[in-house]
Structures are given as C-alpha cells and as structure tokens.
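Take a look at this single chain, the form predicted on its own, given in structure tokens.
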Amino acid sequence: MEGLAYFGAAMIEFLDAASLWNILWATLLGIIVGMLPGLTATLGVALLTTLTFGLPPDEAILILVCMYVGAIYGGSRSAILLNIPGTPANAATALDGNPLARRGEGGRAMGIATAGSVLGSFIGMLMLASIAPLLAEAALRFQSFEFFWLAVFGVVISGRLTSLDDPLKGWIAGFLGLLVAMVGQEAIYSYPRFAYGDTNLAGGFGLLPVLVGLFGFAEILTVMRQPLAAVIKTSTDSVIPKVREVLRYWRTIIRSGVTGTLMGLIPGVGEDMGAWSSYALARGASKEKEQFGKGSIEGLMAAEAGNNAAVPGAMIPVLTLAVPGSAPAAVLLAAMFIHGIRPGPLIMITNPSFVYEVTAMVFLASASILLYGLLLTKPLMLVLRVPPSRLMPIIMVLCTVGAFAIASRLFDVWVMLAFGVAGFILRQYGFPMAPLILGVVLGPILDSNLRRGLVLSDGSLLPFLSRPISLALWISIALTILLGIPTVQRFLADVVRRVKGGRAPDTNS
C-alpha cells in the first residue's frame, strides 16, 4: 500500500502542465530518433542528458525516460516499412513487420506493434514496481566483495550474450571499457594513473563524452558509409488494432513481457536480447510456427512486447544496484549521478519514492506512445524521408556541443571524436558496443570495491572467494567463460551426442 501511495503521488506530481509538455515532446522526439535508421536510444538519451543540466532532477529524469521509451518504440516504424531496424532492439520486429508491409498491411502491422509495445511496457512497469524494492532489500547484504564480482559478472555476461558467435570479442570490448575507466586519479589516494603527466588525462575520460562518441559520432560515420534504402510504397490502412486480434495472443503478450523484463535485468544485455528471447519463446509455443518470418501477428507482437518490457527491466538493476541493464540505461545511470540522485542498495531508505516515480514515468511515456502510435503514424512517416546528408551534420553539431557543454573543456570534444573513430573501427570488425559501455560505467565500481575489500580484509583475497554471494558470482563467471570457449563447447556437444546415442563419452579424446 505504501508503494501505491508513492505511485499515486508521483502521478499527481507529473500531471501538471509543465511535466505533461515535457512528456509529450520528449516521447515524440524519442520516437523520431528511434525511427531514423542509425540513430539509437543510447544516442538520444546521451544527447538529451547534456541538455538537461539546468532542470530539476525529477523533470530531467522524466525527459530522459520518455526519450528512452519512445526511441525503443520508434524503431519499429522503420523496421516495418524499410526492413531496417531503427534501433538494434527492433531487429526481430522486421522479421514479421516488413512482410506484412509488403502485403499492403503496413498500418495493421504498426497498430499491432503499438499494442505490443504498450502492453509490454505495462508488464515491465508492474515488475519494476514489485521487484525493485525486493532486490534493493537483498542488495543490502552486499559488501565490497560482492560488488566487485557483480561488476565483473556484468561485463562477462554482457560480452557473452551480445556476441554469441564470438564471445571473445564481447569480452575484449568489455575489458577495454574497464581499461578506459582506469584512466585518471584513483579514488583513495588520488594518484593519477595512465596520465603521463597530462592534467587532462589525470582528470579521466568523462563518461558522457565517451558515450556520445561511441554512439553518436560512430553512428554518423557508420550511417554515412551505408546507402539509405527506399521507403516501401505501402497502403496506409487502419493503424488501430482490433481488440480481439490483440486478446487472441494474451498468453504471448504476458510471456513476452515477463521474458523481456527478465532479460533487461541482466547487466548490459538490454532490449535487443529481450526481443529475440521473447520471439524465440513465442515461436516455440505457437500453433502457427510456419507463419513466423512471413508476416506473423504473434511474432510481431512478441518482439515488440519483449523489447519494450526490457526498458523498465533494465532500470531495475540501475535503481537497486547502480548497475545498468542496457546501454541506454547506462547513460540514464550517469544522468542520475549528474543530477545528484544516488541509486543503489540504499535507494529504498534514502529516497524510497524514487522507484515509484520512475514507474510513473514509464507509465506516462507508454501512454504517450499509444497516443502517437494511433493518431500520428501517417505524419511521422514523413520523417523517414529526411536524407542522411541533411540529418547527420545536425547530429554532429549536437554531439560536439553536448560533449563540450558538460565541463566546458575542449579536451572532451577530442575525447568524443577519438572514441567515435575507435567505436566505428571496432564495429567494422564485429565488436559489440554494449560491453564496452558497461565496462566504462562499471570500472569505477570494480576498482573502488576491489581496493576497499582488500583494505577490509587486510590484503586477503579469501573473502572475495569464500563469502556465499561472492562464491556464487565467481563460479557463475567461471562457467560463463568456460562455456564460451569453442573447445569446451565441442567437448560438451560430443558428450551430449554420445549420451543420447547410449555410449559413454570417450575421456581420452
């Protein structure tokens, strides 16, 4: 009942004219950012963060949450019409949305995507309100030893799940992020590391210039390197979905919402894995498996419910552990710190209403995408006709201004440019960006807790390995790494094959 009271108070607070205006324009801008191929939710949240310094903390976070929710939803528009996911989270949407558009049912596909997105967000919102307080209470048992392993676990599991074909690339990206976070003065004695006598390097790399470079300037280089596909000539039939068509797949919606939220909980995995996991589960349980990939309403609904449910899911570890569940959530975490909000295990003690304020923000943003999705679909389609040659210079200016505005240092602009080029090169060689960003965010947590734990244990590593939660975490990390090694995978596959064949595995092979 206390949580319901906090939620009601937050809803009343955000229903004033100024907040409603911020909700409407930020969600609309998020939809536009998500629609435009090459612009991601991470980029949108990072750029808006640089423009919200002068706002009160609750209004700034409200704007960023609306941008986040709107961008993940907006990517379904270009996925359906162009077969180009507006954000990585909408890749699964294109599998069934685009075939529907090619059959002249683009309006129907966008209506179904809107319904799935809103319902998935609502399910994730309910789980956010119910799981976050419990997780925060459990996190109170964590000490420096557990937080060290939690940071390592976040980087390792993110690298594994965002680079399934080659986990080594994901782990390299993650530990590159940790290395970047080590540059600058360390937290206990303020000793400059990797500074080489340069005062700018002694101050470390700012998180937002790094993020804007990796997701802003790198996106500009990537988009300008690729030709833009033509918009599909599709009949704009009704975008308002039929109620019975939605209710027919209620099991799929609930399953996808829960799956997406749980995938959002895993550090660094995010909305794209939420969509793919939900899509795979829906296909496995469906009576219409043959329709998937050919214009399945159920598949489209599952993908959109999964990726949008992952948004509030990714906020759960942000609020309770200060560990981001996705790349946009990492930027949101940085924004919270900038505005003086300290998420973590003590959030339910120091600021218990904030979790329910974020829940209310997700609810209002979801209501906005329902409004825009049903009423403004046709006008918003005109945005897809903006040529990249006109759009990218504007994004470049925003990246530069945003990087400079944080601390008014020209060094931050060079940081943004350098990391943009580095991010572009890494992408060309198949390195995922999410583990790298997670490494940058979790680096200070890993470093400070390792050093603090060694101080508490008089230099002994035993508590890092023997405490129950630490033991579970490092065993999980070891198993994740072992299962990602091709030799181990082949050995396990051989064992399974021999067992199924009724023969004992050959231990000498």
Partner chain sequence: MHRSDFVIGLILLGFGMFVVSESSGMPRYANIGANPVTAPGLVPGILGGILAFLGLVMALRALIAMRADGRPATPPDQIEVFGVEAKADEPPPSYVPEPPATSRKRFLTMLTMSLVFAAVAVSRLPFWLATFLFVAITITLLELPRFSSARDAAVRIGFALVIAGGVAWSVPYVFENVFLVRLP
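Numbering follows the first chain given and starts at 1. Quick caveat, the model's predicted, so the values are computed rather than measured.
The same protein also exists as the form predicted together with the partner chain; that form is not shown, yet it is the one meant from here on.
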F153, R251 and L376 each touching the partner chain in the model of the complex (heavy atom, 4.5 Å): no
As a check of understanding, the residue in I240, L346, A280, A138 with any heavy atom within 4.5 Å of the partner chain in the model of the complex should be identified as A280
Students should find that, of F175, Y372, F363, F205, the residue having a non-hydrogen atom no more than 4.5 angstroms from the partner chain in the model of the complex is F175
Residues in which of 334-342, 424-432, 314-322, 242-250 have heavy atoms within 4.5 Å of the partner chain in the model of the complex? 424-432
is_contact(F491, the partner chain) in the model of the complex, heavy atom dist at most 4.5 Å: no
Answer with yes or no whether G459 is in contact with the partner chain in the model of the complex, where contact means some heavy atom within 4.5 Å. yes
Exercise: D165 in contact with the partner chain in the model of the complex, heavy atom 4.5 Å: yes
In the model of the complex, is there a heavy atom of the partner chain that lies within 4.5 Å of any heavy atom of S286, even though the partner is absent here? no
Going by heavy atoms, what in 63-102 lies within 4.5 angstroms of the partner chain in the model of the complex? L82, N83, I84, L95, N98, R102
